[in-house]
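Heads up, the chain below is alone and in the form predicted on its own; it's given as structure tokens.
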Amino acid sequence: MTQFTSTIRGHNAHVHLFPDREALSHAAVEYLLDAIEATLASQERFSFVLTGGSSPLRMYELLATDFRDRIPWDRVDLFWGDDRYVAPDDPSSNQGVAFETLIDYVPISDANVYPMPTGTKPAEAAAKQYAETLKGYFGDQPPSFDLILLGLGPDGHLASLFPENHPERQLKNPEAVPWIEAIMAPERVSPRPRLTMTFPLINQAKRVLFIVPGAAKQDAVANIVKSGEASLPGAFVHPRGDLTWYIDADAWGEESE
């Protein structure tokens, strides 16, 4: 493993390079375990935001099997960074996939799981409902998750913050941006409504971990992590706490060899 610090739009990020997806996924689980241990030493609960797509699937499988008994699930609360506005049993549902690969196999209470309400209509009402859920969870405290897990799309999007939606606009007046937005995904990725956390909420996190495997991500990684001219959505993640990128050799490209 190679590790170094990269400056992304003025914010320092810890970058770790791994030979393959398997090594990356194991390291991501260990990162989660360390974060849980450190957090629960000083507070009662650990808030963990899951991501969708294919990037976290091996990590979820490991959490459901080899590492299942190393996590105090009764003290962990699960949230989602985004989801497609579909039924949970739809194959494209992020919450559905998370249940099928992780949640159904670990001893976590339903009360500790907070999926996005994709059955609420319209999508804008669902976004407001999830924001209210988060406000109820954090109460008078700042909405700061202990760990947000993020993937990265080939186009540089994270959660459902796509370049076409110009998500950087959220940083110009963050106080006016809702924590959760209903957006329409662009034509090229199936134009359907989605619910997503916004940058003002994501950037309150104590830790953000990007997991980026696969050659399809090379251009996005080059733009965001390697370039001093980062412009894609992933470059605008600037948490108040630690920002860490786990990238495999395929996503990094020839320079990783």
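Keep in mind that what you see is a predicted model, and the values were worked out from it rather than measured. The first residue of the shown sequence is 1; numbering continues from there.
One more form of this protein exists, namely the form predicted together with a small molecule; it is left out here, but the text below deals with it.
Colleague: For the chain shown here without its partner, which stretch in 114 to 122, 149 to 157, 174 to 182, 69 to 77 has non-hydrogen atoms within 4.5 angstroms of the small molecule in the model of the complex?
Modeller: Of the options, only 149 to 157 has residues within 4.5 Å of the partner.
Colleague: Counting any non-hydrogen atom inside 4.5 Å, which residue from T39, S47, T51, T198 sits next to the small molecule in the model of the complex?
Modeller: So the residue touching the small molecule in the model of the complex, by this definition, is T51.
Colleague: Answer yes or no: in the model of the complex, does the small molecule come within 4.5 Å of a heavy atom in every one of S25, R207 and D248?
Modeller: Not a single listed residue reaches the small molecule in the model of the complex, so no.
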